[in-house]
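Take a look at this single chain in structure tokens; it is the form predicted on its own.
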């Protein structure tokens, strides 16, 4: 090569989830039975009402929209947020983005300068660290405690804060843990953030999938002027490929995200924005069906894993279950490849989510009840076989 790539590329940590996805796809292409529990993608179809209504509008599809999205969609999201939180929310506090991951990345780019430290959950979604690294920031992991249902170890959190700490990122319901924080836990987090004058970025993409009780948004707990909320349509409406997310923040932060959108994306996909608006106008009763389905599958997986002594904790939301592989003696990167080869079960390695889960794996239960049951049963047998070979 006659030129060198930018140094920022080498700093990015590849996602172990994507690696397993590629291996699973290659296996399936050979006609081999494969259980897809590696990726966080609902197995529900995008509601037919959305796709049918969009077809009628395709012949008169508008072109570019403003950088921050269609004003009508921004207003619709603002109304939705206000209805859920009882906090006055205006359209200029909403920015529409190309998926929630784009909302996360641009929120970080808008608020984090090179050398700033950002607290990220361990375990946590690997894209958090990547977005911080791209902004020139320094990701600082803090511990989620599996003995306390993967809630934040508040003592550990505070020890990680320095004079360079600018932001605290949280994620409830959590990926990969399925952990859910109640109002009291969020208040404790808010007090720490206040003591150290930290901005809180709360990833609430799974907020509609809390199995018992309702979701409490950090926007209801912490000063909205010091809080950024990220969400979108991907999980709630089974619209992962449509790539529409949003951030909720003070107008100055939203405007900064709009300025960043100009050279990065120009604007979100117009057809997808229209589809998102249609989704928000749907009868929301389908969400109850999805939530109950994921709760049932979490119960199926938890029962099988718990009986075998391999369950980390019973998930309270999202659609993930963490399993222990420590008795095999293998690192999760090695183990998931072997599990896939030996049984056809695709799972995400815990190491991709942080150092504390190197001997755990994540199952996405966003697949059929039968596949969840069969995959978890095969996993238990596989672990026991390897443990027997490596006492």
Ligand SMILES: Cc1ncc(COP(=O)(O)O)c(C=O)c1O
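Positions refer to the first chain, counted from 1. All figures in this text were calculated on a predicted structure; none of them were measured in a lab.
Quick note: we don't show the form predicted together with the ligand, though the next part is all about it.
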query: Residue among 175, 202, 216, 236 with a heavy atom within 4.5 Å of the ligand in the predicted complex; finding: 175
query: Interface residue in the predicted complex among 227, 130, 93, 171, criterion: non-hydrogen atom within 4.5 angstroms of the ligand; finding: 171
query: One stretch from 277-285, 121-129, 177-185, 150-158 that, in the predicted complex, holds residues within 4.5 Å of the ligand by heavy atom; finding: 121-129
query: The ligand contact at residue 261 in the predicted complex, heavy atom, 4.5 Å; finding: no
query: Residue contact check: residue 243 to the ligand in the predicted complex, 4.5 Å heavy atom; finding: yes
query: 4.5 Å heavy atom contact, residue 142 and the ligand in the predicted complex; finding: no
query: is_contact(residue 206, the ligand) in the predicted complex, heavy atom dist at most 4.5 Å; finding: yes
query: Contact set, 90-108 vs the ligand in the predicted complex - heavy atom within 4.5 angstroms; finding: 99, 100, 101, 104
